[in-house]
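Before any questions on binding or motion, here is one chain by itself as structure tokens, the form predicted on its own.
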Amino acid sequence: MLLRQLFDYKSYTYSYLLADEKSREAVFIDPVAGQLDYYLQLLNELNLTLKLAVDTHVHADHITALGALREKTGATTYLGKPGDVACADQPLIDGQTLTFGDIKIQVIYTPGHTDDSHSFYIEEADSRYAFTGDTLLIRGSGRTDFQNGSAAQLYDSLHNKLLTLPEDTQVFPGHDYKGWSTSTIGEEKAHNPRLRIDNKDEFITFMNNLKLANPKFMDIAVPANLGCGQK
């Protein structure tokens, strides 16, 4: 599988371009609108056909390129829960399988950061990959204080879903602020301070007392992303 981890410096967002090297079918995960020209250039240079464009959740810190990629490439877009975001071609459903070429993506509903958060899991050859959005970050996790977030749901998503994946699963998060581009489930179990709070009530108390400022572009990004990044 071809995998490119792409970075938007304004929002510290990781986007991912994945492709089946035989069929040349590709998928973008969490694309950023400001990087659209670069994405199109890369697709052309690598001779890829974009089949899918998916967001892990409705983002609050940047505008998505879902709608623009659909317009430019004809890709099918996926976002949110059933009945949630009308702009996408399809909602994401827990347990469903998305395909590009011979590669299968397992959709895992992981609410907590937001009520529409999903993660994506791929087993390919001898490798395993988890694209965790803002649910599981390297040595951290997403916040839970807006967009119907829930510390209790985040705890369950982390401990009952993502941490049950094989320990050698590579973790590719939605953001990183230290330059740590990837991790593994086993590494996060051992060293992520939020995962080491293994009492649910203590975790809820911790998350509910973070007192973080709202994302800088939240009032612009959320409404735009409810329209898949298009006016």
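In case it trips you up, residue 1 is the first one in the sequence shown, and so on. Just so it is clear, the structure is predicted and the values come from calculations on it, not from any experiment.
Missing here is the form predicted together with a further copy of the same chain; even so, the following discussion is about that form.
Of the heavy atoms in residue 206, none are within 4.5 Å of a further copy of the same chain in the predicted bound form.
Contact annotation for residue 139: at least one heavy atom lies within 4.5 Å of a further copy of the same chain in the predicted bound form. Using a 4.5 angstroms threshold between heavy atoms, residue 202 stays clear of a further copy of the same chain in the predicted bound form.
Among heavy atoms of residue 176, some come within 4.5 Å of a further copy of the same chain in the predicted bound form.
Contact annotation: a further copy of the same chain lies within 4.5 Å of heavy atoms from the stretch 42 to 50 in the predicted bound form, the single such stretch among 25 to 33, 42 to 50, 59 to 67, 159 to 167. Although a further copy of the same chain is not shown here, in the predicted bound form the stretch 169 to 197 places heavy atoms of 176, 177, 178, 179, 180, 181, 182, 183, 184, 187, 191 within 4.5 Å of it, in sequence order.
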